[in-house]
Ligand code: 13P
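Here's a solo chain for you in structure tokens, the form predicted alone.
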Amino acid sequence: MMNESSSPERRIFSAKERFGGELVILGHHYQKDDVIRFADTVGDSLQLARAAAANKSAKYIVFCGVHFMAETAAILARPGQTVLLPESDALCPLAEKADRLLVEDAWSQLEGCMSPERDVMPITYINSEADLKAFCGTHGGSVCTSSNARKILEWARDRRPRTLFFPDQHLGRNCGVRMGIPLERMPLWDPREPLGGNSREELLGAQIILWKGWCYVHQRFLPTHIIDARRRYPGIRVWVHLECTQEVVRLADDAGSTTDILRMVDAAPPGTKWAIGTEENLVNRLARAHPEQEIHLLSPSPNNCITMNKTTVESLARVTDGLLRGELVNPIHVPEVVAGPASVALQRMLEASG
């Protein structure tokens, strides 16, 4: 029997002991430490998508992250599996920069310049709602994460001459630059403007059409932060996430996904100095895990994802308490009309990224 008066930590551990392999908790790197310690798998979006798809024994998948991540897990889950989200209003501001109506309107406008079904490949960043993944699945496209965005963009380029990339302009632009695409061949699509604010000629000359969206956490990192870090810490290496602006990426020593950052720090020798431009929970965790190195958050002020940090030990315990009572708290359900084509786009990503 569950003791409602016991601490939330004890109740979570009790549920994990009770359900064993039938309960799996997934935790994104940006979660707070007191939540992450309960996770069976910790990773970025791609790692957790793979973990959800590969899990065969779990009956309940509790996703400590934001809504689009839990949706993705629900789409990839097997029959009989239930995905639960501790905080139902943990939404991603980046994912909200594009919605199905706006993307369908853009697609319709592109029909006045070209044949989108033949000339444009839709690619959505995994930081998007399920109906945008379904849009890509329906129109031959795919999903990507920051770990495989360049590979997926190359996959798209091999199939159609142009890519419509949404919702994160910076990730698309930074990958496009690494692919050798000139900035002038990557026009920005503003959904508030006719033709996204572009001329017909600009769209016909495009290789990647970038949606006007961004992650507020990574857009806060500025070139001045890099200049100041190098002045304050001689010999420091600057690593930033690919969701940062192109100006920041250009000034940094390198840029990559969350997993890329983790691998670089793990492989670095003692005494290495880092200024890292990504969500502060991850940076602080890296600093504690590697006391032999000197690790700083790139910006001088705190920089965390507010919605990712809505998940608490208490909200996680509410979900596990529900399971102990035989109740489902905040189950994530994606209608089959959306889940079917969204699953197609996600499977294309998983196959293309190896």
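Note that the structure is predicted; figures quoted are calculated from it, not measured. A residue's number is simply how far along the shown sequence it sits, counting from 1.
Beyond what is shown, the protein has a form predicted together with this ligand; the following relates to that form.
Residue in contact with this ligand in the predicted bound form (any heavy atom within 4.5 Å), chosen from N127, S142, T72, T163: N127.
Using a 4.5 Å cutoff between non-hydrogen atoms, N281 does not count as a contact of this ligand in the predicted bound form. The closest non-hydrogen atom of H241 lies within 4.5 Å of this ligand in the predicted bound form.
By the criterion of a heavy atom within 4.5 Å, H218 is counted among the residues contacting this ligand in the predicted bound form. In the predicted bound form, at least one heavy atom of S257 sits within 4.5 Å of a heavy atom of this ligand. Every member of the trio H28, S45 and S146 reaches this ligand in the predicted bound form with some non-hydrogen atom inside 4.5 Å. Comparing 288-296, 325-333, 312-320, 28-36 against this ligand in the predicted bound form, the single stretch with non-hydrogen atoms within 4.5 angstroms of it is 28-36.
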